[in-house]
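Both blocks below hold the same protein chain, though in two forms, and each is given as structure tokens: structure 1 and structure 2.
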Structure 1
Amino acid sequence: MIGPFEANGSAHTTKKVSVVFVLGGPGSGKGTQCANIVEHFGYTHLSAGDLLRAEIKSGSENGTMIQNMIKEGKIVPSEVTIKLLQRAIEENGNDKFLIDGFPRNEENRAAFEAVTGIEPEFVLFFDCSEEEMERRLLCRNQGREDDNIETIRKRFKVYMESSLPVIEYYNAKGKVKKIDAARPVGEVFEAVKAVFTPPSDKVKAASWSFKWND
């Protein structure tokens, strides 16, 4: 179900959008696959973390508040992140969005649906073992201070405790598309493509294949 959402917390807009939540642990390859989906299927990629960082960089009053909360080790309220996502959706000319790394927990999920009136079309879940994610994070060289074994394991624990209830909630509604993210990047994207290809296109492809073989 896709509904209208409120602009600036009051006036409703009738813009209809299709939203896909992209979830997976640190090192599951979400970013790489989101870039592929954008290129092949025309979605706009929204990262909650990137939006928060951009707001801080803008020097706005809101950005300063976010920065201070992060400095003090406080969790940025769901409403703040949701308003940034909402604004990004409203200001973009596209009508299909990948929301990456959000909702992080059940409270995020409930608040997003309550504030925006939007339910995701589905949740793309990159399923990957802790061992494989750990190996990838330790191998990659992005100069991230948090890519050490102890911090990686803490991040994984937080992800498991907070994100899995969200996945379970949507799974009960039949909205989770699980991808085996432990495979090579190309194979993972083949599985992703199968999720995003409309059934009519799959039928056409099968029909052409049949004629060719004939």
Structure 2
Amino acid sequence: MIGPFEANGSAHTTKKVSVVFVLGGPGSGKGTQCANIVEHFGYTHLSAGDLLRAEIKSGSENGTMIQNMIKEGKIVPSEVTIKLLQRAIEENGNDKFLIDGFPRNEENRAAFEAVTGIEPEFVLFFDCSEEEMERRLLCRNQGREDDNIETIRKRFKVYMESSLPVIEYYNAKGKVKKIDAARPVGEVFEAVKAVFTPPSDKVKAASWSFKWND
């Protein structure tokens, strides 16, 4: 559903957008698969974590607070993250967005809905074991301050306690498309493609392959 979008708290609803939330534990492959989805399906990728890291680098007044929270594996207050997401949506000409790593707790979810009125089309959920996610994070090599074993453990705890309930919330509304994310990147993307391909195109693809095999 496309909801009304309040640009900055005073100006009113101008932009109609379609949003997919991309959720899953740290290291489940959200960023990797979002890059593939952008290439194939024309979405714009907004990673909440990337926006927060850019905010630290920009020297904003919230920078130190954000940096400390990320180092501790904690979730930054919604107000900060939602402002960054709103601005990114507004500044972009596209009307289709993948919002990666958000909402990460109930506060994120409820505040985003209240402020923007946006309901996600669906939630893409990358399901992966902690063991595999830990392995991936420890060799991610992006120089992130939170990819060390101590912070990783804290992030897993926050994920279990605060993020999974959000996924449960959307699951109860029938909005979750769950993907087995423990497989190799290409296989995961095959499953992702099936979610984004409209049913009519799937029929076309099947009949083409039938003709070729004929």
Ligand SMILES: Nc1ccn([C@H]2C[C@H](O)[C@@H](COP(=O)(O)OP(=O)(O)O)O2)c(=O)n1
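Residue positions are counted from 1 along structure 1's sequence. Only the largest set of C-alpha atoms that superpose within 1.5 Å between the two forms is called the rigid core. A quick note: this is a predicted structure, and the numbers were derived from the prediction, not measured.
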Subject >> Structure that is the form predicted together with this ligand (1 or 2) >> reply: 2
Original post:
Quick one: once the rigid core is lined up, does A182 have its C-alpha move by 2 Å or more between structures 1 and 2?
Top reply: no
**OP:** Examine N62 after superposing the rigid core and state whether its CA is displaced by 2 Å or more between structures 1 and 2.
**Re:** yes
Original post:
Does K173 count as moved between structures 1 and 2, where moved means a C-alpha shift of 2 angstroms or more after fitting the rigid core?
Top reply: no
Subject >> between structures 1 and 2, how far the Cα of G73 shifts once the core is aligned, in Å >> reply: 9.4
